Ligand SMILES: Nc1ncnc2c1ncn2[C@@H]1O[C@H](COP(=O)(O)OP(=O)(O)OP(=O)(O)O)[C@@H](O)[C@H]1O
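The chain that follows stands alone, in the form predicted alone, written as structure tokens.
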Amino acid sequence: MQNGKTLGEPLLEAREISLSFGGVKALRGVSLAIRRHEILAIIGPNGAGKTSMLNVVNGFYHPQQGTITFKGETRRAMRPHQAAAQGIARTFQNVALFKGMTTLDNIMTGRLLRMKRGLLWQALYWGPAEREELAHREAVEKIIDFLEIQAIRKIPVGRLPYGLQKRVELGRALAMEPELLLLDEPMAGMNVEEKEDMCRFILDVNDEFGTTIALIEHDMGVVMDISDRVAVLDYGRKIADGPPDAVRADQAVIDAYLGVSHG
């Protein structure tokens, strides 16, 4: 039980992950568990290795050492499309949407992995393919309602303000029906009102859908408000891991953020 919430067994466990780019060591023996139904915040100063850790989890980077165990299956590395097929969805620091496509069509792309009819059926748009298309559109419309973006469903996302683009990107990730949702700075570039909305949606996704969430976030107010647990990275190492209040009071964490921990 944590913050009044019952958490399950680890959904994902990273063990002794080390990742280097040439002479640069991005991750140094990092071990991290993400429990079912929790919201885990990964924090740390710039260059701490936070995004690198998410990239290892969903297959963008392949570590030189260490393993990832997801839903009981252990691997050294896998491709992003394999991670997506197994139930890991991801958003990015910089919005990665199809700017010329509408909100509806962008979110619809999140359903591609769940479409079982082949290209020929889709081209004919008849019988089973038509029924499948309608079912996927219904699922997307529910996400649009959930995220309260009905008014922009037919607008090309390139014309939307940044905060709404981030919400559309969240919608596309949710369309994949993930078990584990990775959010890389979901509040970046948002004003106070937009951050409040995004916090509410993240909490609702975790509560109503039961989705396990790991997020990178720099706004400490947000981290303390919505996280069940906080892991802190600094120079590629994990220096703290625990409930938000305990981590906030940890002297190693305070030193890392003040820049005085490296003699």
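Start at 1 with the first residue shown and count on from there. Quantities reported herein were computed from a predicted structural model and do not represent experimental measurements.
Omitted from view is the form predicted in complex with the ligand, to which the following refers.
Although the partner is absent from this view, Pro63 stays clear of the ligand in the predicted bound form, with no non-hydrogen atom inside 4.5 angstroms.
Though the partner is left out of this view, Gly47 does reach within 4.5 Å of the ligand in the predicted bound form, counting heavy atoms only. Interface residue remark: His218 is counted as part of the site for the ligand in the predicted bound form, having a heavy atom within 4.5 Å. Interface membership of Ile213, defined by any non-hydrogen atom within 4.5 Å of the ligand in the predicted bound form, is ruled out. Stretch 51 to 59 is the answer when you ask which of 29 to 37, 198 to 206, 51 to 59, 222 to 230 has residues with heavy atoms within 4.5 Å of the ligand in the predicted bound form.
In terms of contact with the ligand in the predicted bound form, the residue from Gln150, Gln82, Thr109, Gln93 that brings a heavy atom within 4.5 Å is Gln93.
The candidate spot formed by Phe21, Val24 and Glu185 is fully in contact with the ligand in the predicted bound form: every one of the three has a heavy atom within 4.5 Å.
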